[in-house]
Ligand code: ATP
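Heads up, the chain below is alone and in the form predicted alone; it's given as structure tokens.
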Amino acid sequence: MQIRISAKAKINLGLDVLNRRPDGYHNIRTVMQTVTLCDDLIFSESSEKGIRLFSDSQAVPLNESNLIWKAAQLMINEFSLTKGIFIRLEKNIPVAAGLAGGSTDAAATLSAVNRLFSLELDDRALAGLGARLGADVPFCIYGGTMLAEGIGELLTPLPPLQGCPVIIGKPKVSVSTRMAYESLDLSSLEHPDMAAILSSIQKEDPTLLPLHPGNVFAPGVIKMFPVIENIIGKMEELGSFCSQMSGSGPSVFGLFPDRRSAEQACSNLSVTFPDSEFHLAFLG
């Protein structure tokens, strides 16, 4: 038996950091949205015990440090699985980009192993397991449009935003989550207007989203890498009605009114910023 799963990336339609918790983590408030840019993973049982992970990308580790491996090992340990798991990853989501590429691959792995070995776990149970791997993994189990609170594990479904064209740009720079948090001054943050963001989503109309939904990480990260702001500005110039850095960066997104304008903008951006990569996708 072979199972193929497309693991969707996510963007943040607004991202706020509220405070630092006693355990060292931070309480956040963000709207997470899946997009059709995805990694493809193929799973099958193996006659050899353990995990065998392969990929077409040299940018990801193929050992126990990979979240795919960790998710598979968690399922093996949790349910005393005696057979091995063969996994092939076709990597399309940029790495270390603020798009939850590792988390969505982990979520896909939990779901695939559940099906592969007929464990009959529902999404809630899978999300509980995913929370052990990372704060974004539970959202990636469900997908769609959700308000995420706590450290990202408290999820509230929102009316789905689907079909709107989105360009995702990844500058050729790397930003770790730790680096992004270190750039924050919690005493002087300019918090995004989450009420306005949630109001537009409740109306199921992405064109009502603020031009800049707000991402508290953006000012500090842009200060280190001005190209991020340059790409956002160019997206607006080319017709984006909503553009922002996603997650802890450095990726940015721009929402466009129709596919044609998005395709033209994607081509223009690729020429203007030849060292960056751009992907045309859709909300959903």
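Numbering starts at 1 and follows the sequence shown. Here the structure is a predicted model, which means the values were calculated and not measured.
The same protein also exists as the form predicted in complex with the named molecule; that form is not shown, yet it is the one meant from here on.
Of the candidates I87, A97, V113, I141, A97 is the one whose heavy atoms come within 4.5 Å of the named molecule in the predicted bound form; the others do not. Contact check for S240, G254 and P257: none of the three has a heavy atom within 4.5 Å of the named molecule in the predicted bound form. The chain is drawn here without the named molecule; in the predicted bound form, the stretch among 122 to 130, 209 to 217, 183 to 191, 103 to 111 whose residues come within 4.5 Å of it by any heavy atom is 103 to 111. Contact annotation: S55 falls outside 4.5 Å of the named molecule in the predicted bound form, judged by heavy atom distances.
Contact check for P61: a non-hydrogen atom falls within 4.5 Å of the named molecule in the predicted bound form. In the predicted bound form, the named molecule sits within 4.5 Å of a heavy atom belonging to S65.
Interface residue remark: S174 is not counted as part of the site for the named molecule in the predicted bound form, having no heavy atom within 4.5 Å. In this stretch, 1 to 22, the one residue having a heavy atom within 4.5 Å of the named molecule in the predicted bound form is K10; the partner itself is omitted from this view.
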